[in-house]
Structures are given as C-alpha cells and as structure tokens.
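So this first bit is one chain, no partners, the form predicted on its own, shown in structure tokens.
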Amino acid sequence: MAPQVKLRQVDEYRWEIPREGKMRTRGLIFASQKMISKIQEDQSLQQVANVATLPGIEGASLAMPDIHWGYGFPIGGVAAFNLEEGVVSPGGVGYDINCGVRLLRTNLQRPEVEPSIEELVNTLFRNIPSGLGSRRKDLKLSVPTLHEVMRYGAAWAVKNGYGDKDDLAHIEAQGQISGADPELVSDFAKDRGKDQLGTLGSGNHFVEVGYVLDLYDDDLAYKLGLFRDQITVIVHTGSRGLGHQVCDDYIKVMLKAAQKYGIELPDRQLCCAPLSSPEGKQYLAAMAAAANFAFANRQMITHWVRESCQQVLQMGPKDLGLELVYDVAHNIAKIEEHRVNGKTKKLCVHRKGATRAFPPGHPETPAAYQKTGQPVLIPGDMGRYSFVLVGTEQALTETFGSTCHGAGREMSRHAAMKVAKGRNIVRELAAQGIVVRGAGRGTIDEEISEAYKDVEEVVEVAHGAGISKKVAKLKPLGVIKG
C-alpha cells in the first residue's frame, strides 16, 4: 500500500494536498470531516496527487465529495488542461463515456400514481431492456445509421420520432458533442453498440419513478417546474459496450503515445497524449462519438418511459406532462472557455464522475435556465433519495464549473453482495414503499443502499462549499435496475 498523501484542512468543506515532488499544482478535495477518514481508506487521494503531475494542468487537481478510487483518475475527479502543453487521458473520462443522468417532471402528484406503481415499474422493465449485455431485438442499427447516431446524438433520436425538439434545448450541449468522428471508433466497438441503443445496461444504471419530497428554494423550484409531491422520473445510463470499447481501444493508443511524447507517468493508468497531437485529437473525436451515442440512448429510453406511463396511467402526453428538466454528462472531457488568473483560456476539462454546474447568465447555460443556473442532478441510491441543485458562480471560478455526480460507492460490488447475503433486498425495499425490478437478484444485491455514501452528506458539502445550490430532494417509489 502506498504511503498516505499529505493532507491539510483548509475550511469546513475543503482539504488540500500541498504541491510537492513532481506535482505541478496542488490537490483540492471537497469533503466534510466525517467523510475524509473514509476517503483515506482507498488510493483516491494518491490519484488526485498523481493527476497534478500531468503536463499543462491548470488550477488545482480537484476531487468532489463523492470521490472514490477509479481507473487512473479518481471517480469524482476534475482536471483542466491548456491546449498548448496539456494532455487528454481516457482515465480522466472513464470507461462509461458520457454516463449521465436526466430528470423528467410530470403534471401528476403522488396519490395519482402510487396505486399503479407496481404495474408501471413492471411495464418499464418490459419496455426498457436492462442488465449486462442487454440488447433491443426490435432495433438493430446498420453501420451507416450507427454512424449517424454517433454524429448527431439526441438530435438523431428526435429526428426519428423519439421525443421532440424541445427536449434538445434541455440537454447538455443540446445532446450533441461537436467534432465526433465515427470512423475513429473501432469495428469491434460498433459491433458491441449496434443493438444496445435504447437499453439500460448493468451496474448502477437505473430508471426511477419518484416524487418531490422537499424543496429548499421555492422560487428556484418553481422556475425548474418542480413542486412538492410531484411525480418525477430519473434516467441514468451511458454509452454501453460501445463507449467501454472506445476507452479500452484508446488506452492502448495512449500507452504508446505517452512513451512517444516522453510524458512521465506516476501511474500507467494515467496514460495520455498531448491535446495537440494526432492521438489526442483522435481520442477526443472517438470519445465525442461515444458521448453522442449515450445522449441518443437516454433520449430513446425517455421515449419508452413516456409510452409506458401513457399506457399504464391511461393519459395523453399533455395531461401527463412528462417534460425534460435537464440531462447532464458525468464522464466526459470537453473543450470549454474558463478564466484562469484573470485570462480567458480554452481548456480541456475532464469530468470523471462529476457534473457540470454552470451559473446563471453563462452562455452555455440553456435559455430556460439563464436566471436560475444550469440544473445539477445528483442521484442517490435506490433506497434513499436524489437531489436537484443548480450551478453557481463559485463553481465556475473554483472548479471549472463542476460539482459532484452522485452518492459515490463506499463498498465494492463483491462486499455489497456479502452484506446482502441471506437478505431479501426487494422485500426490504417493498416494506419502505419502493418497488424494485432488476435483471437478476445479484444486480439488486450489489446496489444496496449500504454500498453507497449517504448522498445527503455529499450534497451538503457541495451546497456548503458553494459549488452548487440545493433546490429539491426526490424520493423513489419504483426503480428498474440495470
């Protein structure tokens, strides 16, 4: 086990890893006193320090309160690199490229849906393929069509009847990362993805029907179209086998590139290439293609959520009012403009298990949210709650407009399975009034609430530190798990 990194408490919500050795900058971790001892149990703080050694890093190597050990970068890691000397690293994006979450609101209140929740969850489970390797038998894409999906993202889905144009105005980057090049995605990656569009996949992915339990800011909630006891739906998934394979393919490319360009790596998993190099540009273009696949995936799942609700609740779209509040990416590297030391610079911001959190008035904040700030969606676990926040000016100046993305795992899947052994998790959740369906018992057992940090504590740090602002707390009624 590596020696513990030095850590200095800055204030109630901030901890610093001082710059030393080959670090080019300091590490900055957002966490409470209670969280930090748990965070120190794995190697994630060492990973924050390792990221700080990479060429061209601007500002601090950052970690959000849901930080835990990941591949190369910690999950919950954020780092920005200038375009001249800086690098791009697949480990700073993750295997599930553009894993992300979207929130839908409705016109309905909890008493209108609660009696039908079991039927609704069963219908969603039937209509949305879930689980490891899940595929759609009714939607196999030809290679030219798959290329269109990778170029146009959610816009492809809308054009083909899955939702409407208004949805696109409520998605990060309008659901389409520019510069995507499907030709730079391997045939194997395409083969893995061609019949996975519109599927949930496995792991912590889910569709959750819930309701607004509490509001922290009535005015902001009203502007986001949220009210107490309102029925909501969360969709959480990513780019499936296609994105995973893109990451795998480019890790091999980046290991060679790091050697070729003489980049010293404290950890091979941080393999990277200069942003200005052919390898760096190719990865960004392939990553954008996978990210667009993920945007299209969530858009199509939304279509089947709407259909399922109409079918079970016997209501038309207008009465149902299943409108998209927002859709945010959690695993992505994006070229953005930020102010550093008083100068505006173009940077490549890696957010791995982190959410963009732009403030009111920012040019990339959607028109509907220019006065509120960009909605930030923080899902918890299937037994507790999720949160809606908004981006802030503080986030823009301190974290390149970033905040946390979820509860963050506290227990490995294997450990969670051991804790769940001999228990009936579905029955336990049913006793709490939560209906759960999963591809298999193991899928549900490894996602028990105890496997995660309490998302309320994570959100409290983000809110207390000022890098996002609490708006609403959501409680699950029914969940389908990947």
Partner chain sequence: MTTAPGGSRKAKYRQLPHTADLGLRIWGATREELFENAGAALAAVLTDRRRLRLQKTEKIMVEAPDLEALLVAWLNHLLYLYDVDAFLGREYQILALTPQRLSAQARGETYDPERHVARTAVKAATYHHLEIVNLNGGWQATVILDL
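Residue numbers count along the first chain shown, from 1. Predicted model, so just to flag it, every value in this text is computed and none were measured.
The discussion below concerns the form predicted in complex with the partner chain, not included here.
The candidate spot formed by Gln47, His68 and His244 lies fully in contact with the partner chain in the model of the complex, as each residue has a heavy atom within 4.5 Å of it. Among the residues Asp381, Glu208, Asp96, Asp167, the one placing a heavy atom within 4.5 Å of the partner chain in the model of the complex is Asp96.
Interface residue among Asp217, Asp267, Glu148, Glu336 relative to the partner chain in the model of the complex, by the heavy atom within 4.5 Å criterion: Asp267. Interface residue remark: Ser412 is counted as part of the site for the partner chain in the model of the complex, having a heavy atom within 4.5 Å. Taking non-hydrogen atoms only, Lys252 approaches the partner chain to within 4.5 angstroms in the model of the complex. Among residues of the shown chain, Thr199 is not one whose heavy atoms approach the partner chain to within 4.5 Å in the model of the complex.
When the partner chain is considered in the model of the complex, Asp42 lines it closely, a heavy atom lying within 4.5 Å.
From the list 54-62, 428-436, 22-30, 413-421, the contact stretch for the partner chain in the model of the complex under a 4.5 Å heavy atom rule is 413-421. Taking the partner chain as it sits in the model of the complex, the stretch 173-199 comes within 4.5 angstroms of it through a non-hydrogen atom at Phe188, Asp191, Arg192, Lys194, Gln196.
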